[in-house]
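Consider the single chain below, provided in structure tokens and representing the form predicted on its own.
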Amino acid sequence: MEAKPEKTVLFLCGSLRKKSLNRQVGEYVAKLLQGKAAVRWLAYDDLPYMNQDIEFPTPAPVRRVRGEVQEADALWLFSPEYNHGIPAVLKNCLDWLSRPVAPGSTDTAIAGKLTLFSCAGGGAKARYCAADLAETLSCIRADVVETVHVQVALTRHDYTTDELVLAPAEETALQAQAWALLDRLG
């Protein structure tokens, strides 16, 4: 009997910082998905700023990022909140993914892509970023997994040690979000 190919979930972190607390949320989720789906992190720090003057021919980093997104079965974004919104680096990536893949085309790399997100931030739990992501992902026609988008409250300990400590309720919420994704992936 032929083995069923493993589904791939591509993780995007809205922070490029090596010890990013949001990346640590993603690392927790990767452990939840272990053996159930393959996880890869998208490196996108080399993307140029979105600019229609350089859109075609498409810059090599943009082609690479689009290709990785198109190959994945699902996307999971982990994002902090910067000044009540989506970090610029993540927004720039989403803007490139929302653009036509060829001149005159309406096809994009993200339209219809199964997507979900989790945000970690201070006491407000990155609620403004979460709201912005929900709006942006809807606008660019991503297939957003209908679930509670987990928002993690970071503590002084998290910020001062660069070590994320999830509360039991946050772990439970992330597990539910992971199971909702796996259910949609079939």
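In case it trips you up, residue 1 is the first one in the sequence shown, and so on. For clarity, every value in this text was computed on a predicted model and none was experimentally measured.
From this point on, the text means the form predicted together with a small molecule, which you will not see here.
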| Here the chain is shown alone; which of Leu154, Met50, Ala131, Val144 has a heavy atom within 4.5 Å of the small molecule in the predicted bound form? | Leu154
| query | Counting only non-hydrogen atoms, which stretch in 61-69, 119-127, 39-47, 136-144 is within 4.5 Å of the small molecule in the predicted bound form? | reply | 119-127
| message | How about Leu21 - does it come within 4.5 Å of the small molecule in the predicted bound form, if we only consider non-hydrogen atoms? | response | yes
| request: Answer for Phe56 alone: is it within 4.5 Å of the small molecule in the predicted bound form, judged on heavy atom distances? | output: no
| said: Although the partner isn't part of this model, could you tell me whether Asn83 comes within 4.5 Å of the small molecule in the predicted bound form, counting any heavy atom of the residue? | reply: yes
